[in-house]
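First, one chain by itself: the form predicted on its own, in structure tokens.
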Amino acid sequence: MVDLEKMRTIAKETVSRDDVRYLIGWRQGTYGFRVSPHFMKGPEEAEKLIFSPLCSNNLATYLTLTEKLPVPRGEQPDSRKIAVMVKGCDSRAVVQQLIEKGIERERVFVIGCPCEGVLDLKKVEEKFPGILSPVEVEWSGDKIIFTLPDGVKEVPKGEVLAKKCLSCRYPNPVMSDITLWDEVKSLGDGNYEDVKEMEEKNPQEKWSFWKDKFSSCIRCYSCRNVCPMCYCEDCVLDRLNPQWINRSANISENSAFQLARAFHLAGRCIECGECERVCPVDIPLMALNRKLAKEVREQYEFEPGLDPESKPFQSSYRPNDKEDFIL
């Protein structure tokens, strides 16, 4: 069970440490069902922290965004730790960043928040339209409790949870320096039923499906910018010399962009679903990512973001890997 007082007490203690620079958590948004990242620099800010089914944001993204080197001339790098609150999927992102040397273990303090699933805002706002004032939401067994302006409403979890949470096998942080409350039960069984549905289509049906989806892409780059694993300073999809992908938003360039991203995430995607959540045109990007995750898991017995001592998938080698394709 979520204990907000315990969370805020630990947050106060954490930011009061000499070796911690600030803490990244969640706070109530300015309207409706919105929640915002909260950069807490002093103990007096702890009362703003929340943890609820609305806390979708994967805060691990900020670990590679806020501490870019080099620092301004005349200044020295701040070597203090960044504290970050993580759900299960978020913690996998932290682990994968560590594996890839995107961050250093001694520079981060991880606070684990076992998670019972976050909400799909599109489902919620369709069920409760026109809500502008901030809303409180909490877990209660197999239901979600909404405290709305016109009273308290109970909704079955399955009606409003994000799709990613229904297949999640790691709702508890896989790595943390401190875990805030008891572990919760996983909702996923790892059978990839959503992927198998797409696999059963013939090639023409698959192309028709993705052509329709990719045609709607406006190349806003939200999927890339929100992804905790897309932290390269020099993104190949932005390069002009050589220019691998044109800026044009058409089916050819959109397909190249989306497929390049998907394959760059093979063996790296931790299935947090942030790309799909922020897509303004509702492209089911996780259908691509989970297909590759399924192949990596089944063909190579590898899952990213679980073991900080492991090697990156695409740089690992085992003598007993299948090599039937080699003539």
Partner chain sequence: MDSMKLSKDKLNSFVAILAEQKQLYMPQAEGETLKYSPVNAKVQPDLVFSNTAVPAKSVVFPQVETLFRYEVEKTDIKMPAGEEERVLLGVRPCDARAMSIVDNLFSWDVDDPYYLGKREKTIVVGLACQKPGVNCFCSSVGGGPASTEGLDVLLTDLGESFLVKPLTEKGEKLCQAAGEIFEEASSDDLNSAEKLHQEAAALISRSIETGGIPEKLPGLWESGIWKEVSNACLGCGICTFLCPTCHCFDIQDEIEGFEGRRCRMWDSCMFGEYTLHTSGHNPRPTRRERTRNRINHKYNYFVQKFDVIACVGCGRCISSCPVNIDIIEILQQVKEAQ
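Model, not experiment: these values are computed from the prediction. Positions refer to the first chain, counted from 1.
Below, we turn to the form predicted together with the partner chain, even though it does not appear here.
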{"property": "Output flag, Ile10, Pro114 and Tyr170 jointly within 4.5 Å of the partner chain in the model of the complex, heavy atom basis", "result": "no"}
{"property": "Stretch from 179-187, 129-137, 90-98, 153-161 whose residues place a heavy atom within 4.5 Å of the partner chain in the model of the complex", "result": "129-137"}
{"property": "Answer option from Ala249, Leu166, Cys232, Leu148, heavy atom within 4.5 Å of the partner chain in the model of the complex", "result": "Ala249"}
{"property": "Non-hydrogen atom contact Ile82 with the partner chain in the model of the complex at 4.5 angstroms", "result": "no"}
{"property": "Proximity of Asp282 to the partner chain in the model of the complex, heavy atoms at 4.5 Å", "result": "yes"}
{"property": "Proximity of Pro43 to the partner chain in the model of the complex, heavy atoms at 4.5 Å", "result": "no"}
{"property": "Contact label in the model of the complex: Gln76 to the partner chain, heavy atom within 4.5 Å", "result": "no"}
{"property": "Residues in 219-249 close to the partner chain in the model of the complex, defined by a heavy atom within 4.5 Å, in order", "result": "Arg219, Cys220, Tyr221, Ser222, Asn225, Val226, Asp238, Leu240, Gln243, Asn246, Arg247, Ser248, Ala249"}
